[in-house]
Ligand SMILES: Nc1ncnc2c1ncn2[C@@H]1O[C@H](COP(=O)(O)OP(=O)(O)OP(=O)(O)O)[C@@H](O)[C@H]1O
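The chain below stands alone and is given as structure tokens, in the form predicted alone.
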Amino acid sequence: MTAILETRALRKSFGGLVVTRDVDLTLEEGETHALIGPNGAGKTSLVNLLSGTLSPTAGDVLLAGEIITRLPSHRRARRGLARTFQISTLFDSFTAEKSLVLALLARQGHCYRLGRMAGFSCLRDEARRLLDLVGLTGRNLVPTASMSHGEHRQLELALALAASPKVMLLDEPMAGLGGEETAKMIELLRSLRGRYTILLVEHDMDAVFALADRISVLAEGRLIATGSPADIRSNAGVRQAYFGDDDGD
């Protein structure tokens, strides 16, 4: 398989506090790759380094073979790196469709006025296709303020897909979801497997083992293991560091 996203000896420190310790991570094209680890392991810091929200102290980030280490987040997004966040970042007054049309316009580099969107019929069609894809059929004219938390998560995923991404960084997409909503999100992400390259940061282990082709484990900022779900389940070091299991049972 072809590596689409890589880090090489990626390191981030704040003074004497090292939050990412020389991480070498590779995402293969088309895989769903989960990143797990205990609280404080450095998962969000690593995602911030990948997306450009943070600049590394040392090391490099590569997207499709291009070094993007010094590019700001908006230029990484233009190159095909899309991200969702733990906390929803939507405009409450916008409808789902309008949010997506604006995202599609931004992808194309158009200048626009918020009040003059009547001529973008093809973009509205694409917005509705994306809403269908994430399970929001018929919700196109609903203001985001009137949507449930689960629907917000679905819309955020649609916004990421609107960027035609090479890689999607999904930061805890199950956060705050109830049991039924979590099951729905798992099925939605399963439907995208193989069609998109996904780095999934998630605490829900049922979701991780249901979705991931490979799993990487962070502990104290260091990558301690990468492998198949079966490999990670049976790895004594991972069980000790992540699950707090001393005897392997």
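Just so it is clear, the model here is predicted, and its values are computed rather than measured. Numbering starts at 1 and follows the sequence shown.
Another form, the form predicted in complex with the named molecule, is not on view; read the next lines as being about it.
None of 59 to 67, 191 to 199, 205 to 213, 37 to 45 except one has non-hydrogen atoms within 4.5 angstroms of the named molecule in the predicted bound form; the exception is 37 to 45. In the predicted bound form, at least one heavy atom of E172 sits within 4.5 Å of a heavy atom of the named molecule. The named molecule is not shown here, but in the predicted bound form it comes within 4.5 Å of a heavy atom of L17.
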